[in-house]
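Quick setup: one chain, the form predicted on its own, written in structure tokens, and binding and motion questions come after.
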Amino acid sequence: MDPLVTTQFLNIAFGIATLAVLALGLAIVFGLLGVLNIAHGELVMAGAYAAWIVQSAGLPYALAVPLAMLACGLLGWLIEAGLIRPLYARPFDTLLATWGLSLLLRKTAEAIWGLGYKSVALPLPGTVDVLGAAYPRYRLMLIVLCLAGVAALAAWFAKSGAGTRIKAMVANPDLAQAVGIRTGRLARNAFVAGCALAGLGGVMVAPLTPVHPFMGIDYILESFFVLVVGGLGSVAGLVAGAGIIGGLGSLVSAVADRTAGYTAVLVIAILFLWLRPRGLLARA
């Protein structure tokens, strides 16, 4: 196979896999709880800063994963308790509340670290030969880990008792509460898990992009487009949306430029909002 074709194929796979994980936290919070968390991108930004802090301290990069997930999970717990809990089932109100929160988090990061870009070195440098193409080790590792993580979460959601309780809560909250399911606790845990996964996404992308207070804006837009195209409330919809948005963006960027890639993604998202607002594979 032509090395250029192999490289492009791997770049598309990388774009799809990482976008699926970056959108996963928003898919849980928005798709299952009906909370449009505009601060999702700022939680990704917080995870990226955690990676920079760990590396700047000379610690193993792997420590950034529990640090980012713990910090963003704790922040999610505080947000859910103090801001989101009274606003469940009111999507527009949660949009406004989390939009204000995103501004606050952005300005807090700016006050602490400034507007300058922070650079995170690749924790796994070098390349691997894949069908004659030299491909970065770190990107290849992320493809494998992202796909494995999404598959594991899908299996857990389909087979576990907790997944069954979440599906019952989403389908009929009042009936679920009547049969003894603690819906308030379940919703809180789901929100915290979504925030922790956003922090994990930040750790993943930190070595591949400049870390700065405004980096989360792009990620919330891309994650929202994934859910618009794929549909809410299903892992299959998340994967389909990430495949279309990530694949199209990577392909058009390679053929033309990054601006054209963003434009193509925006056009597709607008068409889906107009012609198929529930997305491809929305929860029934």
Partner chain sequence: MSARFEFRGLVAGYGGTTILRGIAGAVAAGEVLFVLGRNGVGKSTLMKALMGFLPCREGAVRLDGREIGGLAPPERRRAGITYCPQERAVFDELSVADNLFLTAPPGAAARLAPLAERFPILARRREQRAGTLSGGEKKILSFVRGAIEDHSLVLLDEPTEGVQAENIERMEAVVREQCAAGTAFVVVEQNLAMAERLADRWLVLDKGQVVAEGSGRPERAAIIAHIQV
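Note that the structure is a prediction, hence the values are computed from the model and not measured. Residue numbers count along the first chain shown, from 1.
This protein has a second form, the form predicted in complex with the partner chain, left out of what is shown; the following refers to that one.
- Only one of 80 to 88, 173 to 181, 118 to 126, 97 to 105 places residue heavy atoms within 4.5 angstroms of the partner chain in the predicted complex, namely 173 to 181.
- Within this chain, A193 is remote from the site of the partner chain in the predicted complex, having no heavy atom within 4.5 Å.
- When the partner chain is considered in the predicted complex, H212 lies well away from it, no heavy atom lying within 4.5 Å.
- Though the partner is left out of this view, R165 does reach within 4.5 Å of the partner chain in the predicted complex, counting heavy atoms only.
- Scanning 5 to 25 for heavy atoms within 4.5 Å of the partner chain in the predicted complex gives no residues at all.
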